[in-house]
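What follows is one chain in structure tokens, specifically the form predicted on its own.
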């Protein structure tokens, strides 16, 4: 009887064990969240980039969580201050990200092996002034210019792309005269595009690129000088070529306006190439050309985007694993070809598969390059020059400020806090 009781007891234990969940030694994946302003890229991150990483690192689960571009800086600041920001922070170039690093929100990445794949120019937008700390992994630059609808150009008999400001205005006037299409698809509601896709686009050639940008920093030039007034005057001239009610048109609205074939030309940067190709549009790309008439051209080839580590992330080691992959040759090729118009800053060679992206990249061979003149040093105070450029550029296009008044406001704001060393 005793043996039988023991047997029944064992059977009972076995039955109870079978009914209970079995413990496993496998750990749940570490979850990482990426903060970004690139909401247009959500599908590519979810469908292409993240799966490529997770195939090699199933122990890490990555989520791309973008914020609309105009809201990104303020939203990110609020999240960082409140301790709710993601593990990985998409970094704007120069001052905005340097301020986050100085405030302790971004971690130093000096010990990241993958940074060896980038040269000094690539890292210059995400490094401290003394060069001692790199705080974001460079991802890509973007090139400013104009996207055009090839079908509309063919229909209107426009066979020669503009290489000067005068030629561009002649084409826009021809399109307006025909009356079937809006010449330029852009609005001023969000303001930033007026500066980024307008002022910085055509202005780079007028102020002689790096020469003019560095002169502003050195205090040897002012925003009231003729090149800057001329850049704002160029924007004022665009008013006649924009859609009716452009003051109420946002960036996404303008994208859809062009994507639906209502406009012939879209003032842009290479970052918009992937979006319009995704809409099935047959597009091409041309640069601002020789705006000042001196026979040379300068383009804004802007160190645009990088990825950093939230210093407060509880998943720092997993985040560094992802960042090291972002620094790899695999990511450089994947990113450049998944997002045509974003050009890798890595030393690793990348073969572009997209012909429109190649058209933009080819401008480097014929024009000098510069970066946006408000991004380094000149936006560290209040009023912030970058944000002032948004407001002033939009106001000049709207007609509520003259180019001269706009330039004076920009210089007055800069004078209120900035003095060259």
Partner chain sequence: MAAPASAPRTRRRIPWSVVGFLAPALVIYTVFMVLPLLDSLRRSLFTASGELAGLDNYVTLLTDPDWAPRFWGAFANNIVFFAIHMLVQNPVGLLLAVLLTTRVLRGRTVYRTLIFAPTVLSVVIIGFIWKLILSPLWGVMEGAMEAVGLGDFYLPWLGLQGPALIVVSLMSVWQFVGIPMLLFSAALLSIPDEIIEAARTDGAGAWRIFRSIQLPLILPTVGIVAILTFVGNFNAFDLVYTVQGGLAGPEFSTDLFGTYFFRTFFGFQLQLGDPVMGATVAGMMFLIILFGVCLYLFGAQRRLQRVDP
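Positions refer to the first chain, counted from 1. All figures in this text were calculated on a predicted structure; none of them were measured in a lab.
There is another form of this protein, the form predicted together with its partner chain, and it is not shown here; the text below is about that form.
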query	finding
Which of 384-392, 362-370, 41-49, 348-356 lines the interface with its partner chain in the model of the complex (heavy atom within 4.5 Å)	384-392
Residue 275, heavy atom within 4.5 angstroms of its partner chain in the model of the complex	no
Contact test in the model of the complex: residue 296 vs its partner chain, heavy atoms, 4.5 Å	no
Partner contact for residue 96 in the model of the complex: its partner chain, 4.5 angstroms, heavy atom	yes
Contact of residue 248 with its partner chain in the model of the complex (heavy atom, 4.5 Å)	yes
Position in contact with its partner chain when the complex is considered in the model of the complex, options 212, 114, 162, 243, heavy atoms within 4.5 Å	243
In the model of the complex, the residue from 253, 324, 169, 225 that sits within 4.5 Å of its partner chain by heavy atoms	253
